[in-house]
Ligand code: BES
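One chain follows as structure tokens, the form predicted alone.
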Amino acid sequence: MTITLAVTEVSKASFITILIKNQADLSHEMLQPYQKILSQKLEDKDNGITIFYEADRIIAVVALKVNTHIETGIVHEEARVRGGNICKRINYEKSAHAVVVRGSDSVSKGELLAFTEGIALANYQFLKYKSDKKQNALTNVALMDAEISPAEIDELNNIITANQIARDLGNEPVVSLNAVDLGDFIVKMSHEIGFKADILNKSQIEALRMGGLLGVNAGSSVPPTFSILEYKPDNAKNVKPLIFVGKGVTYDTGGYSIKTGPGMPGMKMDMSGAAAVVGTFYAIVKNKLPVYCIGLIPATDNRINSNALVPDDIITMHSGATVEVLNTDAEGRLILGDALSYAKKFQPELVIDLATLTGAAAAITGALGGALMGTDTKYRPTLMACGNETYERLWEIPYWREYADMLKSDIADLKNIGGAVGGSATAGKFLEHFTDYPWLHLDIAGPAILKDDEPYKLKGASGVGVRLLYAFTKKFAELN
């Protein structure tokens, strides 16, 4: 689906959506025949969708709430949700093209863009393996609005595509998207849109002594990869790079600490952090943000054979630290530890990692947001503000220094689990061990994998992190 600026008269469209907020909006010429009923709905505070069928078109009137004392992020999210709902109606009516207009300036430009974003996000489908591909009818949404520029439309289209890339990667089964396939995808994308990609193979990973990545991979017949993405535009505002690190476990069985029945399905999406980094790079490069960025993606599946790690094994990480592996299902932190250690060579301004890391974080946030930890204080408020605006929200969980003590091992430098208390915090402290730079960790185990459909998201991979990190990178450019 594409978003465009309307080039024809709005009155000629077959499906028209008009956004309103108050009685004054009912003076819009297309709403005059329906003023009485719409006026009553507004008086009754019936903020919803009203459909009017005319001879040659459908008019959908969407009433947004008047939110004078509520933060912008919540206002825009309401518009996004309404956009998701209207998308379903457009497809129900089998309309290929729709036009969106504002009743008046009572509806902000931000609300209009968020509403349209909701339509586009809701129109996503993953039909690759369906024999009967019942594709949505909607292919184009046109905005008729003098305040919206072509550049803003292009930016939004690129963000939507970036989110869809992340969702496609997350929804792809490991039989067709293993670590090598992921590296190939990244190389292909780099050629198409213009950034540098270097995919390290197993022998190169061995030369770097990445014992975490190699250890998790030991039970697999598919070799690991370590992808290095780099975008360095001539007009970059930063000298030191902004680095994104994504967990790329293409399938997680749990290893010999094997997951039980209901814990296994969906583990193809355990590489959602990696998918978010790939999608974010797409949006940043396509929209030509003036930021020097690097992406690091350690990738492998976590399977079982006679060579696989077992509890009690000790591995040596890229940093030289030794780790007593007490749970092979705590594998994400092992591959991320190597990547975070490798990031030191770039002397980064900031490193942000994303990972579906712990059920403990998901128990705290559910699908409503991600858990935030780390050592950076300079950029943390900006990242959280971007989370509130995009509604890919973050919540800081307790991250006291005592959690690090829970990782002390009797026979190695540290162990890979800390016990029953503070599971997400001890995982974060494990990762912190491999950093010596400003760093933030996003545990996205809750929002990355959706069990039910939501207004503008579908069950499965959500692509969470792409819109958040893009918004943050844009702000990062302004701060540097």
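One-based numbering along the sequence shown. Bear in mind that the values here come from a model prediction, so they are computed numbers and not experimental data.
Absent from the display: the form predicted together with this ligand. The rest refers to it.
Engineer: Here the chain is shown alone; which of C293, A330, L214, L296 has a heavy atom within 4.5 Å of this ligand in the predicted bound form?
Structural biologist: Of the candidates C293, A330, L214, L296, A330 is the one lying within 4.5 Å of this ligand in the predicted bound form.
Engineer: Go through R380, K259, K344, K202 and name the one with a heavy atom inside 4.5 Å of this ligand in the predicted bound form.
Structural biologist: By the 4.5 Å criterion, the partner-contacting residue is K259.
Engineer: This ligand isn't shown here, but in the predicted bound form, which of 110-118, 357-365, 305-313, 371-379 has heavy atoms within 4.5 Å of it?
Structural biologist: Going through the listed ranges, the match is 357-365.
Engineer: Is it true that L169, L229 and D353 each have at least one non-hydrogen atom within 4.5 Å of this ligand in the predicted bound form?
Structural biologist: Answer is no for this spot.
Engineer: Contact between L442 and this ligand in the predicted bound form at 4.5 Å, heavy atoms?
Structural biologist: Flag for L442 set to no.
Engineer: Is there a heavy atom of A425 lying 4.5 Å or less from a heavy atom of this ligand in the predicted bound form?
Structural biologist: It does not: once this ligand is placed as it appears in the predicted bound form, A425 has no heavy atom within 4.5 Å of it.
Engineer: Just checking whether I449 would be counted as a contact of this ligand in the predicted bound form - the rule being heavy atoms within 4.5 angstroms.
Structural biologist: Close contact exists here: in the predicted bound form, I449 approaches this ligand to within 4.5 Å, heavy atoms only.
Engineer: Hey, in the predicted bound form, is C386 touching this ligand, heavy atoms inside 4.5 Å?
Structural biologist: No, C386 is distant from the partner.
Engineer: Any residue of 242-267 with a heavy atom within 4.5 Å of this ligand in the predicted bound form counts; write them all down in order.
Structural biologist: The stretch 242-267, when checked against this ligand in the predicted bound form, contributes K247, D252, K259, M267 at the 4.5 Å heavy-atom cut-off.
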